[in-house]
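Next comes just one chain, in structure tokens: the form predicted on its own.
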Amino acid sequence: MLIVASDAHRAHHAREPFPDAGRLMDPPEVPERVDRILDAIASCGLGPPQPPRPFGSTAVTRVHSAAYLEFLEHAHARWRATTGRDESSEAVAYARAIRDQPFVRPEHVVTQLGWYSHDTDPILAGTYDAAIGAVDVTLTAWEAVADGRERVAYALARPPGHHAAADSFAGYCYLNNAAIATQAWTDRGARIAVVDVDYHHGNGTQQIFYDRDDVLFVSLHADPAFEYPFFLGFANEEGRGSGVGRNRNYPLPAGTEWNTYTSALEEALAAVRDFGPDAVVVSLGVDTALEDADTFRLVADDYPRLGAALAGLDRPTLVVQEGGYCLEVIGRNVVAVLGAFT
């Protein structure tokens, strides 16, 4: 299996606590996540990881708006110039527009932070470079599968991407790696199924493809009635226009264990088979683990089962890393899923 990784992600490392459900929380999306996964990959002989090649911005602009990309690239420098803060500062939104009011595109960086984000994630001096690095990792893995050189490839992408919408960032995600690869595949005429198994709904990926009939998006996740991202991920969201029927959400209750999870997984994968995709993109989040605080209750033995179910689709597959924040088990669970493909 081709595994692609790089050190570009280290340019992004948020450190300031942020509000989460009434408490201040230290950022769990840290560079050590990649280190733990790479250690586990080395231990089980899946590697060695290969470096990415640079792809430029063309594939990114097929998914994200030019205005958003310009903002993301220059936001931190403009923030420093405006506020006098130093390079280590974290630029965070604190004002947002009133809904349904006349609005002209904002020009002030503080205003744009509120306009282009949909939660309280920061932008750092290295965020844009790290996000572009994650895209290069993803597209390098994707290209090997799309060109027929690999049947399955794994992109160890960080920052993750599935909460990033066409023109906004949130949920530790700045550019939607899985969506960018999916779009690149459809640009070659392929029909793609995106299977998102992160604990949190892939609201950015859903938004990007919600009107499309050449992409099927299926997501198993915590019910947004009680869990982030709250506003999307309900079962009645089935697509719009030509995309009706191409969006399938499987919201699950708190504390879900394998017996409940596997029923939803079987239904989701049956929808994928009915769609008949040319290839599959897996948004792999392992924050469903018992050890990840306040999520599902999947245990170590469940991840090979999850991998086997995904591999059973028997399609060219790109696996893109999303969430998973318990450092003690993230590597173990990732390689358990990947191992099923080999």
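One-based numbering along the sequence shown. Since we're looking at a predicted model, the values are computed, not measured.
Note that the form predicted together with a further copy of the same chain isn't included here; everything after this is about it.
For the three residues Asp20, Asp119 and Asp167, a heavy atom within 4.5 Å of a further copy of the same chain turns up in the predicted complex in every case. With a further copy of the same chain omitted here, the record of contacts in the predicted complex names 223-231 of 192-200, 132-140, 223-231, 252-260, defined by a heavy atom within 4.5 Å. Although the partner is absent here, Val110 is a contact residue: one of its heavy atoms lies within 4.5 angstroms of a further copy of the same chain in the predicted complex. Proximity of Arg96 to a further copy of the same chain in the predicted complex falls within the 4.5 Å heavy atom cutoff. Taking non-hydrogen atoms only, Trp79 approaches a further copy of the same chain to within 4.5 angstroms in the predicted complex. Contact annotation: Thr186 falls outside 4.5 Å of a further copy of the same chain in the predicted complex, judged by heavy atom distances.
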